[in-house]
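What follows is one chain in structure tokens, specifically the form predicted alone.
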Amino acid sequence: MCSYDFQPIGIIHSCYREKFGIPRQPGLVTAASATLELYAPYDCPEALAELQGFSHVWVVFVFHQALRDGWKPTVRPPRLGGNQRVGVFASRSPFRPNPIGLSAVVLEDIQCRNGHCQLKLQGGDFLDGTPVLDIKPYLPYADALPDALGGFAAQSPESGMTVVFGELATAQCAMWERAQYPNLRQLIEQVLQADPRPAYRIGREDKQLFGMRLYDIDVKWIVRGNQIEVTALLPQKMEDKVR
């Protein structure tokens, strides 16, 4: 049996600073932004020649925070409520024999300065710090298959949740948008509309105060029936930044 040693070609800098809150598929949160920083020698303009003609790219990456010793043949996908098992190869779980991910995302821009290049991406589902193994152009004539069957995940997930901002969160969000993150409210709304709670909690009354990290902001929110209320947007604590 052959073995292979793959070295990352780059790293993702993403708005998602922890796994909780990341959408379960790419393209669900269009406001999500990321930068793919290419490592030398792959960051040269020659390696990206003609890529600007493609609107989307495939990003092949490593689930670097899902590494485990060994693997299991079945998983519980959130799409089935976290109660039903399916084969690992019938899922997109990060817990796989080889923890490799594949996402089609919008190629927003290619920026090259002093011979070093990086890619600006939109709509990704990448955790900050994700190692990237490869980039491939998305080919509509080959990759878009309108007659394909989607098994137990045939339809786009609909949570039925509405998102509102409390008075304090509204003021804090406006401050963050003016200072640094102009589409922050849209990003938060899209992430929370998908209801990122664990599958077993979805559809239940929930009195817990939840939190998730976007950029360097701790977003606090509560659930009341089918409504999620954002209560506060707090700066990330300094001790958390250095962990």
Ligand code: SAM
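Computed from a predicted structure; not experimentally measured. Quick note: we count residues from 1 along the sequence shown, nothing fancier.
Below: the form predicted together with the ligand, not depicted.
Undergrad: Is the ligand in the model of the complex near all of T30, S33 and V106, within 4.5 Å of a heavy atom of each?
TA: Result no, not one residue of the spot touches the ligand.
Undergrad: Looking at 178-186, 194-202, 61-69, 41-49, which lies within 4.5 angstroms of the ligand in the model of the complex, counting heavy atoms?
TA: It is the stretch 61-69.
Undergrad: Considering I22, C15, I228, L233, which brings a non-hydrogen atom within 4.5 Å of the ligand in the model of the complex?
TA: Selected option: I22.
Undergrad: Under a 4.5 Å heavy atom criterion, is H116 part of the interface with the ligand in the model of the complex?
TA: No.
Undergrad: State yes or no: in the model of the complex, is some non-hydrogen atom of P94 no more than 4.5 angstroms from a non-hydrogen atom of the ligand?
TA: Although the ligand is absent here, P94 would touch it in the model of the complex, with heavy atoms inside 4.5 Å.
Undergrad: Verify the contact flag for A169: yes if a non-hydrogen atom of it lies within 4.5 Å of a non-hydrogen atom of the ligand in the model of the complex, no if not.
TA: So A169 does not count as contacting the ligand.
Undergrad: Is there a heavy atom of V132 lying 4.5 Å or less from a heavy atom of the ligand in the model of the complex?
TA: No, V132 stays farther than 4.5 Å from the ligand in the model of the complex.
Undergrad: Taking heavy atoms and a 4.5 Å limit, what residues of 117-132 are near the ligand in the model of the complex?
TA: Contacting residues: D125, F126, L127, T130.
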